[in-house]
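Here's a solo chain for you in structure tokens, the form predicted on its own.
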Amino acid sequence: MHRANPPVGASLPRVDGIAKVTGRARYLDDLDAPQAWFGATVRSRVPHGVLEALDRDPAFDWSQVAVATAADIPGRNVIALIEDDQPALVPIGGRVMHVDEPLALVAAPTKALAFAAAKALHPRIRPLPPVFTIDDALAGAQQLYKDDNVFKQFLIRKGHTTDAELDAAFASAAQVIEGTYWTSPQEQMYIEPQAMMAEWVDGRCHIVGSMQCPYYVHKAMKALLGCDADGVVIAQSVTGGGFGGKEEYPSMLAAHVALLAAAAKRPVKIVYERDEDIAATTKRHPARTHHRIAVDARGEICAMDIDCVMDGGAYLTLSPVVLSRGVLHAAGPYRCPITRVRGRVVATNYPPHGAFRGFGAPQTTFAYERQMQKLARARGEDAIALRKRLALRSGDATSTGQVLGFSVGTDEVFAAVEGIAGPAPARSGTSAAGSPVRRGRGFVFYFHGAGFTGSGEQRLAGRATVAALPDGRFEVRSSSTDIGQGSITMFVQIAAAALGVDPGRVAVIDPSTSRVPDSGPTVASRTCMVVGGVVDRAARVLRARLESWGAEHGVAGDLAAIARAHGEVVGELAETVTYEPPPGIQWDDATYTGSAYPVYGWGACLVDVAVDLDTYEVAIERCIQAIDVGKAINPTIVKGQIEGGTLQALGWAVLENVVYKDGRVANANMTNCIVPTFADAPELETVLVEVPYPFGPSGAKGVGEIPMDGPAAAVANAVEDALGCAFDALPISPEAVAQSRAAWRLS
């Protein structure tokens, strides 16, 4: 059926938009249950030690509250994820691994009473020496994890088999560029804090909450509660942002409300206050990356040697896959015949670090783009021209030996930025307040793998269902969650286009493990490309089945009419499809070689900054970012994704940092753990580049993470351009600017 305005490629209004702007959308804290109580958590104030007792204040009336400890866990005391090293609650005699680790739980009819009860339960902890630095963790004087404190390590080799061959390449180089780069922890600062509610009904636990990955929580609860798949139901409520912070941590909170609901024999809700959320939940991994580039006399890169160490915090959580993506991106989108990338993530006594938008790639992107800037300066070559000359294109191979074929948007993103950049601003001038300023321009080029690494998507085997309902409407059933990024609207558009129906006839149901198949987690730039592709295939198969049935039964009209006729005779018709990888994907987990990702997104970013020479503040005056998205299913939503990620990256560059003191988050509130506001946002110019991916829905590929990768390095390059001194650590705060200028003057 011809349609003047096809659903894919059009900026349709967000399906959930009206409910959210009018306040009708119900977040977890809006949900009420009869006789629901409120939960609170008793936490450690010690970074490392042994829990010897939990003493109840005899003056407190304990008859008014319910208490749960590790002894009340019916299954295994673990938060099941990659490894079972993190307990839901530290048991008596168990080891406390970080400040704010949960030790016990209380619930009461009011929040005030729950908080009072938590204060009346006093942990007794025998302190042990803590580990707070990467070097101390590697030294191993205090054993936190196995015998070396290393959660995971990877080694990538390309073009050489021995270290001696690599050393020879560096020894024969005409020039070597070397640097060490530090990136800071970062708080996700989602609008809605962590929130969850549980209720037991007829021996079955029902949990609803703010989350990204219902089946992650489902897996964890089966282990904790000692039940089968039908013994627990996980449902997502409307979720106010995640950015990775609601990937793994909701399993912890789900465990707590489930235990309290069992103890209280009624529904229990926990909604974190902002200070507790910042203090206790996961953050971006801080990292130290040492990077060397060997260049020959012609200015070609002949070798790279990269060593990245990340701080994983107290428990493993998702550190191995964060490190994996970091090392896979560490050599950057540049040609290099000989490459060694070493990566380690270590245990310390900080609260666990975990998933955050970009998933390890921003840390190593910062390092390689600072290196490229130093190379350009050392050679006296234009920063953009050097990157264009060295960039990967179709036919080139990445650090894992993956030969790039289709959907390589290198030239297109360069052209997009150059086409609108214009001349650099005048170097010296004054601010609006009259202060003297020095201006500079920075540029970066980067890429980001879409989907799970290597054979991960095959192992995951994500599924989605599209159903024709008896009333002529269609329904998408997937565990992929909308956390503000617009996946509901995107799935509607993809399904409507494949079915050939008006988008108004398509709905996406709320994710619940009792109603939707496991589509895999809402992470890794995979929702549109991978799950959207599965939705597209399911809709096409369903359409073919309906049209075939209509022809057999003499039913004329559009697909909705056929669906209604089928419903009257047979009932609902549903089609479930499982992800199938594109051809040619071969990956070796043992050697970390092959096709790391089915396709990459490509990006270029240009930033203009002004540095106040009186206050040393860095003002970002302009930011252009061109991203190759394959195909923009909904251009307005895609631009929103890019601009949101860009602002997070710019905030990480100059404003954001999580400050620890003796293992405790010292700035656990929004007055000093700051994020950019509208007042801090520069002029953002977003260019959508579309170099289609043949195996994505309508050519689309991942876009959620790549805007986070490059802008921080662009800011560092711009500040260096303005002041003439290097900035190799984040954030680039006024104090950092002052220290760098002082060191530069003394050198």
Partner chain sequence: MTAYVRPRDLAEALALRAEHPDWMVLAGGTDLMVNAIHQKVPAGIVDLWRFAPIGGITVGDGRITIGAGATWTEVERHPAIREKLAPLALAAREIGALQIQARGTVGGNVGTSSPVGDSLPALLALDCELEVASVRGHRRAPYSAWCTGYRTTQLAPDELVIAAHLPLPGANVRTAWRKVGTRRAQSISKVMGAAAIEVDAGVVVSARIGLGAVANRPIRATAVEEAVRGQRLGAQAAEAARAALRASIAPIDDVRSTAAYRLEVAENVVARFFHVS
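What you see is a predicted model; the values in this text were computed from it and never measured. Positions refer to the first chain, counted from 1.
Below, we refer to the form predicted in complex with the partner chain, which is not included among the displayed structures.
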Which of 607-615, 514-522, 573-581, 594-602 has heavy atoms within 4.5 Å of the partner chain in the model of the complex?
-> 607-615
Taking heavy atoms and a 4.5 Å cut-off, does T133 contact the partner chain in the model of the complex?
-> no
Report yes if any heavy atom of T162 sits within 4.5 Å of a heavy atom of the partner chain in the model of the complex; otherwise report no.
-> no
Flag G203 as yes or no: does it have a non-hydrogen atom within 4.5 angstroms of any non-hydrogen atom of the partner chain in the model of the complex?
-> no
Would you check, heavy atoms only and a 4.5 Å threshold, whether N672 touches the partner chain in the model of the complex?
-> yes
Listed residue (L390, L655, V233, A116) with a non-hydrogen atom within 4.5 angstroms of the partner chain in the model of the complex = L655
State the residue from Q142, T453, T465, N667 whose non-hydrogen atoms include one within 4.5 Å of the partner chain in the model of the complex.
-> N667
Quick one: name the residues from 408-447 with any non-hydrogen atom within 4.5 angstroms of the partner chain in the model of the complex.
-> A433, G434, S435, P436
